[in-house]
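A single chain, nothing else alongside it, follows as structure tokens in the form predicted alone.
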Amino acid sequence: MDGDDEGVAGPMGDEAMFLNGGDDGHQQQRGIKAAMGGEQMDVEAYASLYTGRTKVVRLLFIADRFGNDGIQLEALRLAYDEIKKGEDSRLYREVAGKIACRLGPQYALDQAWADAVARRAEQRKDKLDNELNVYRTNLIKESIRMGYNDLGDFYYAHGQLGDAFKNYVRTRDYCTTSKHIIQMCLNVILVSIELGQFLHVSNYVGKAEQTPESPDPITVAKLRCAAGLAYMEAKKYKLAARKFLETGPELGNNYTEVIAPQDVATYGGLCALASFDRTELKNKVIDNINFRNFLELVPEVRELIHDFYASRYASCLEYLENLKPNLLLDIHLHDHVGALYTQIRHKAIIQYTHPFISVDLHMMAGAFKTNVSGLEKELKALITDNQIQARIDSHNKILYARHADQRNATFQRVLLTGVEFERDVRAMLLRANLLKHEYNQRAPARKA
């Protein structure tokens, strides 16, 4: 009944994704409620999960998306402070312009600082160019590689991602060891993720994995995360889930310039819910010891996965609804929230109807907090997509499971067996006649 990796049976609309009290007993016993989405976002705590350029980019994304002026200014303040630690004067001017003196004089545009950074950058660039020219003249491969790498680091620090990408790629011709190749691939992957060029991410993950020497566990975990992001961006949620689930605990805080361990749990959990069947969900997610370490960092995702598997859809979809506001502020996940939530909701509907011969649509609509006509549209889409084997009695508002006609199926099997038997007998008779009339080629007799 599960769809393929990318199948979305039909639009869900903007209705809330939670059930009513179908599992009141469990709700009272557990007493654990999702709070992440219901409370005001703690921007400072969120930003502390990341380092480097991605921290600034994520804060700016929140500032652009959040309607609350307090949250917006908090994100811009943190971004301003982080940028002042680096050398990207262009991004600094952009953030200062967005603050527009709303945070006081200490967060106004510091033109002297920006000019000083620009002067130092120009001097540093000239020095690196001269050093690289000397290395190329001397034809020392390792020095040339390091020269291009230093130029790539320089351009990346100053926000010139296109030039950084070119210089990192140029180091490829001067790599002499597997370690050099892996470093080159990780640099290219980092820049490609920030540029949104996920095809390059997939290509260079493959190159890093094909090096003669196996990468260390931390590097393997980084490559799994990068591949997961690339598959998720391509809406290949099942493949993305597998990559995130394969990420080892060695990742820790070693890749915070791209992704936090909490993101691995959230991305992997949601992609798995949207694309895995119950057996895969049990074996690859719930019983996955390594992934369990990531889920412990995000209790809401852990609980909604367990609730979904235990058919406690009320609690599961309530957790999802509570998480939604913050997920829409995630720089990688925001474009996929709608599709993932639709697929998860449809899987919940499929599993809800599967055990029953008939289902009252009024009761089901009450359980899914929607109206009967809206539920009928969703069910029609799932039936048309062959994800639910059923028919709808629109007059009495009842869903009837469509069971196979066992009598007819038996007749069909008998007829098929008869056809196969007749074919085999004809083949045997033909072979017998060929042998009888000696229409067969014999091997020439060997000479004594």
Partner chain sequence: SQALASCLLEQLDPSKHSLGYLYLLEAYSSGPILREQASGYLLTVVEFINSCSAEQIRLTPDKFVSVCKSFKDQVMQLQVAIQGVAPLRTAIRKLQTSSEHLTTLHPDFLLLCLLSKCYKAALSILDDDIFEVDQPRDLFLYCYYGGMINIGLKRFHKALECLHNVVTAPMTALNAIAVEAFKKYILVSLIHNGQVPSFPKYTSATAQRNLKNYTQPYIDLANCYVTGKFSELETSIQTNIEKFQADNNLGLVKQVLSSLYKRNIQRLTQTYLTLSLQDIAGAVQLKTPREAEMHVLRMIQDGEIFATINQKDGMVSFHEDPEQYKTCEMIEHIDSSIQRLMGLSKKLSSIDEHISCDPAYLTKISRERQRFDFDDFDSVPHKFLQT
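On a predicted model such as this, the values are computed, not experimentally measured, just so you know. Numbering follows the first chain given and starts at 1. C-alpha atoms forming the largest set that superposes within 1.5 Å between two forms make up the rigid core.
Just so it is clear, the following notes concern the form predicted together with the partner chain, a form of the same protein that is not shown.
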item: Position in contact with the partner chain when the complex is considered in the predicted complex, options D69, D64, E44, D393, heavy atoms within 4.5 Å; value: D393
item: is_contact(S48, the partner chain) in the predicted complex, heavy atom dist at most 4.5 Å; value: no
item: Close approach of I383 to the partner chain in the predicted complex, 4.5 Å, heavy atom; value: yes
item: Contact flag, D110 vs the partner chain in the predicted complex, heavy atom cut 4.5 Å; value: no
item: Interface membership of E376, the partner chain in the predicted complex, 4.5 Å heavy atom rule; value: yes
item: Residues within 4.5 Å of the partner chain in the predicted complex, restricted to 421-437 and counted by heavy atom; value: F421, E422, R423, V425, R426, A427, M428, L429, L430, R431, N433, L434, L435, H437
item: Core fit, then T417 C-alpha moves 2 Å or more between this form and the one not shown; value: yes
item: CA of S394, rigid core aligned, shift of 2 Å or more between this form and the one not shown; value: yes
